[in-house]
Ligand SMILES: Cc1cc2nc3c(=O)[nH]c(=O)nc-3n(C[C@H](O)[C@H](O)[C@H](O)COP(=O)(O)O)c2cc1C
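The chain below stands alone and is given in structure tokens; this is the form predicted alone.
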């Protein structure tokens, strides 16, 4: 079958795209409001963006009513955030943060996860996450308007936390990390020793 996105509701295009672009890594983003309220939310439109400067990018979409999410509003106000890696050990509490809570709700408290002090930014990292990237906002680019639109948020990585047992020099042991990725709908997948294979690049 073939589809013309301009001739279909945005929700249907979103369903096709999230089923086609899989697996997607998850950015578990911690932020802080100007008044000090902590926020924690997961985003599967996420990727590395640059090596020099070291940067990551994720895309918070607007809500069904067209309003912007608390994560985005906090980043625009403070210009700081932390990306925490989701593993199979914390995927259940991550899911507890998925409802649309009021801005004064602390999702750390909702999920039972532990805020731990960052080094360079004010928002805390997730203590239970084995890898956290402290970031400062480089730029934000609006994509569209209204429900279903989004903003591409690019952050400069200013500090990196990696659990010691995962490191061999600068190489991270992916099998031991056991990251979780998003598929379509309510589906997720794990990366572990049984799913990893090596393919040497041709020169």
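Note that the coordinates shown come from a computational prediction; the quantities given were computed from them, not determined experimentally. Numbering follows the first chain given and starts at 1.
Unshown form predicted in complex with this ligand; subsequent notes refer to it.
**Q** Can you work out whether residue 61 and this ligand are in contact in the model of the complex, taking contact to mean some heavy atom pair no more than 4.5 Å apart?
**A** It does: once this ligand is placed as it appears in the model of the complex, residue 61 has a heavy atom within 4.5 Å of it.
**Q** Though only this chain appears here, would residue 97 touch this ligand in the model of the complex if you measure heavy atom gaps against 4.5 Å?
**A** Because a heavy atom of residue 97 falls inside 4.5 Å of this ligand in the model of the complex, the answer is yes.
**Q** With the partner left out here, check for me: in the model of the complex, does some heavy atom of residue 71 sit within 4.5 Å of this ligand?
**A** Contact check for residue 71: yes, within 4.5 Å of this ligand in the model of the complex.
**Q** Does residue 41 reach this ligand in the model of the complex, with heavy atoms at most 4.5 Å apart?
**A** Judged by the heavy-atom cut-off of 4.5 Å, residue 41 is in contact with this ligand in the model of the complex.
**Q** Heavy atoms within 4.5 Å of this ligand in the model of the complex: which stretch among 171-179, 133-141, 153-161, 43-51?
**A** Checking each option against the 4.5 Å cut-off leaves 43-51.
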